[in-house]
Structures are given as C-alpha cells and as structure tokens.
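Encoded as structure tokens, the following chain is the form predicted on its own, with no partner shown.
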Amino acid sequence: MPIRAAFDAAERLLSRIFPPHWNPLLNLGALGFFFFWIVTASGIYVYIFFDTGVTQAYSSVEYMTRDQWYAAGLMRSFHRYASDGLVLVMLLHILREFALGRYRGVRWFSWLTGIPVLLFIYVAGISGYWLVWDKLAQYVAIVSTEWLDHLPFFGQPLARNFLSPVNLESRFFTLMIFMHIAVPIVALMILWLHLQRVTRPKINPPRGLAIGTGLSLLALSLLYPAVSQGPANLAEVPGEVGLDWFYLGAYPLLENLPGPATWSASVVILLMMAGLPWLPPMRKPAVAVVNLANCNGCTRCMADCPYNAITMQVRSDGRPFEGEAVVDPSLCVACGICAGACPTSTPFRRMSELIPGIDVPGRTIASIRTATDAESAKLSGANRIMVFGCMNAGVAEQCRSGHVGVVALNCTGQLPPAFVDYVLSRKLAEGVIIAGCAENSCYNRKGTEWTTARLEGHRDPNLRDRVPRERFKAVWAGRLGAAGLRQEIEALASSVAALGPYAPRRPAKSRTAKEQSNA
C-alpha cells in the first residue's frame, strides 16, 4: 500500500533524527493528548480576559494580543497553534492506523470511537474562530450558517442573524463560548471510551519530545503571534481573509458548491469511514485458547496482553490454583504475545505433548518448534544462523540462505526466550536473531518492548543466564530494514564462526562445607 510505504519511509527518516522513543510518528496519540492539555490550559487563561459582548469580543481579544502580548497574547498563540497541532496529529494518527490495517477485526471499536472525537474537535475549533469576531469570524459564521440552513431542522434561517448588525445579540457569544467549552469535554469522554480496549495506552509523550514540542510552540508563538483580521462588520461582505487550513480547509468548497452536494458528500464520507472496518468482511484469525491442564493461573498472559483480551477468573476445573485465564474472543487479535509469556511454552518439553497453558491455534508454539527443527536441518556450515522473524515486519524471509534459516512468528512477543536457549543448546544453529518491527513501532504495540525486557531479564519469562549473549541479537529492522537485517545476520555469522562450536556454560560448583571451613 503506497500510504503505508510513505509512513514507513517517514518513520525511518525521523528515526535518524530522533531517538526511537521520541519519533513523533510513533507518538501521535500521546502528542494529541499533549496538545489537548495545552489547548485546555491556554484556553482557561484566555477566557479570563474574554468579553462575550457583541462589541466587546473583538476589543477584548485585541487587548490580549496588543497590550498583554507577553502573557494573554502568548497564551492566545499557544491556543491557536496547539489546536492546529491537535488536528494534524489526529489526522495523521487515523491515516497511519488505516495504512497499517489496524482498524479492522477487534480493532473496530477504537476506529469507530475515534471518528466522533475528530468531528467534535473540529466543531470546537470552528466555534473558537467565531469568538474572535473579526472578518475571518464573520466569514466563518456566514458560510457555516448558510450550510446549516440546507438542513430541515431549523425553523428560521440561521444565516440572517449575520446579514445585519441589528440581528446579532450578545447571547450569541455566550452560546458560542458554551459550545467551545462543552464540546471538548464531550470529546474527552469519548476519548476515554476510545482507550478502553487498549492496555497501557500512551497518554503522555516522552519527556524529551514533550519539551521539544512545547519549545517549538513557544518559538512559533513568539515569531508568528496569532492576530485578528480586523473587526467584523455585518454591514459589509467580508473580502479576502486568511484561512487556517487545518480547520477551515473545506470552507471554500462549502462556499462555492451547492449545499445538497456538500452535505451528500459529507454524509457519504462519514458513512464510509464508519463502515471501513467491515469493508470488505474480514476473516478473523483463530483466537488464543487456554488449556487448563497446563495453566496455573500465574497471570503473565493477562499482564502482557496489549488488548485487555485476557482476564483472570475463578478456577473452574477444581485444580488447586487461585484462578484461570479466560480469553475474550471479541478482543483477541491472535498476536501470540500471551503464549510467549506463558511459563509452560518451553520447547524443551519432550516427555509430553507441547501444549502451553495458552496458545494461538493458527501458529502454535509446537508448530514453531517443528519449523525450527526443520529449518535447522537445511542449514550447513560453522556459521549457521536461525532467524525468528515477525510476519508484520515482513523482511526476515528475504534473508534465507544456505546458512540462514527463518521461522515466522505472528509477533516477536510470541517467541518464548527459551527458544534461544533451545536452538543453541541443541546445536540447531551457532547464532540466533530475533527480527521484528522497528523499535517502538510494533504492529501489536508491545511485542518489541516485551521481547527486549524478557531477553534482558527484566520481565518473565526471561532468558536463562547460561545463554551466551554474544550468540544472539534482537534486530528491530522494520518493513524497510531488509538490507540492515542482512548486515546484522552476516556480522553475527562471522562472529559465531570465530567463536567456534557452542559449549553450554556449566553453573559454578558450590563449595562443600569442608572447603568453606578451610577457607
């Protein structure tokens, strides 16, 4: 998809400028919240100085801009540019989720609740432009009300209120300020619903990114302060006005095209956006399955699930454990991260069938072990490398060769760390590489993060100490990182060839009581 390729290229470019966790395209949701709080705080400050009278509205805004430019004027600029930033990151967030395909299946709820948030933010922003009551506000008011008058809901034309100074009353501004405050509150409530199916959502951007964004807003506000475009005059038709294209980009179309056409187009676009998760119908992958015979209720799968699809409930089979994992099929995306977290997902099991406490039928832990054994049988040489590659990153398969085997995963988080030990200790390969999505850009949100934490011993199940760290590597290549992944594979192949055959580390012998007393 061209849109996804464009986002991949942009993310890759920005990753050369920013640290992975600061990449703006990987923090769009968090940046949206950041801009929202700036808009809220600056709006409260500006409201202190705003007068809702017909003649006083413009003069109060001018007082802020001219006489108190260093405080209220600066806050006005902050309010304006943060509002633009909010719209920009929301549009990019929606477009990126669409490009990644993260709007279908069980993700329909987040997509559908995101649409009204965008609409409410636009309504709040447009009502804010009315409040300034300059020539731009007059233009916005006339075009908006003329467009609304095409609906059969209003008894009298709304636009006539802006055709003569006699018809406009101060209570209009009271109504606008109420809308400007109430609509974002409703949007915030819907945002709360929007995040209900997401575990550990990013609400705050990384501190460095937040500071940098805030300083950029400050510089922009000082260099190009927000200003009014002359007082509104209902006795005259507003001439040329400067538009804020983030909020008012559609207004030239609303002004020049027939109302029924623009309303029909708006409804069709809205219905298409709302129906996208089901167009065309999606074949849902088999969800994770719990095997109670091997589940001890440890809660690791629940803790690692990125989508709140797993809960712990009272034990139903009478076994002496406190609880059992239960999967909600309407929330599970079959990423397999839960299987990678299960302590029973060990490839070393041979005395019984490899059936973990929780597993994904479409790509079971047993099938991953079988594929690993089969790939190893094809390899030759003293520099064999086994690559476990995320199918969403999609680059590992391009690296298969006579000494490189590739095993596909639903997500890197699906791979239990014990597989690294298994490959090396069973001499299936001399080195192991785990290849996945770009860092901080996991398709399943937490796959790269949980995998890194497990390999570094910060999260259960962790990699055993006996595994030599110089024989494996995690490479977050991403969809455009095939060349870089090949380089990492060949570098590790050369390294393990120089190290020679793998010999498992033996644990140090504990000293006997006699040896300790002699010491």
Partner chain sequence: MPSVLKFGGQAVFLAAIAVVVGYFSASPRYHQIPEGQSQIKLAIQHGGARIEDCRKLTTKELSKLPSTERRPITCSRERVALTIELSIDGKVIYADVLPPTGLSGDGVSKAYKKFLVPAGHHVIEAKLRDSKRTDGFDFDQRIEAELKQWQNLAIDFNAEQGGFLFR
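Numbering follows the first chain given and starts at 1. The structure displayed is predicted, hence computed values, not measured ones.
The protein also exists as the form predicted in complex with its partner chain; that form is not presented, and the subsequent description refers to it.
(Q) Taking a heavy atom within 4.5 Å as contact, would all three of Leu175, Trp263 and His458 count as contacting its partner chain in the model of the complex? (A) Not a single residue of the candidate spot has a heavy atom within 4.5 Å of its partner chain in the model of the complex.
Q: Just give me the single entry in Pro116, Pro285, Pro252, Pro231 that has a non-hydrogen atom within 4.5 angstroms of its partner chain in the model of the complex.
A: Answer to the contact question: Pro252.
(Q) Looking at Gln196, Ser380, Asn256, Ser316 here, can you tell me which has any non-hydrogen atom within 4.5 angstroms of its partner chain in the model of the complex? (A) Contact check passes for Asn256.
Q: Tell me, yes or no, whether Ala235 is in contact with its partner chain in the model of the complex, where a contact means a heavy atom of each within 4.5 Å.
A: Looking in the model of the complex, residue contacts with its partner chain include Ala235, since a heavy atom lies within 4.5 Å.
(Q) At 4.5 Å between heavy atoms, is Gly242 in contact with its partner chain in the model of the complex? (A) Contact with its partner chain, yes.
Q. So, in the model of the complex, is Pro343 in contact with its partner chain at a 4.5 angstroms heavy atom limit?
A. Outside the cut-off, so no.
Q.
Just checking whether Arg80 would be counted as a contact of its partner chain in the model of the complex - the rule being heavy atoms within 4.5 angstroms.
A. Yes, Arg80 is a contact residue.
Q) Taking the partner as it appears in the model of the complex, which of 366-374, 400-408, 147-155, 385-393 has residues with heavy atoms within 4.5 Å of its partner chain? A) Single hit among the candidates: 147-155.
Q: Determine the residues of 121-146 with a heavy atom within 4.5 Å of its partner chain in the model of the complex and present them in sequence order; the list may be empty.
A: Those in contact are Tyr129, Tyr139, Ile142, Glu146.
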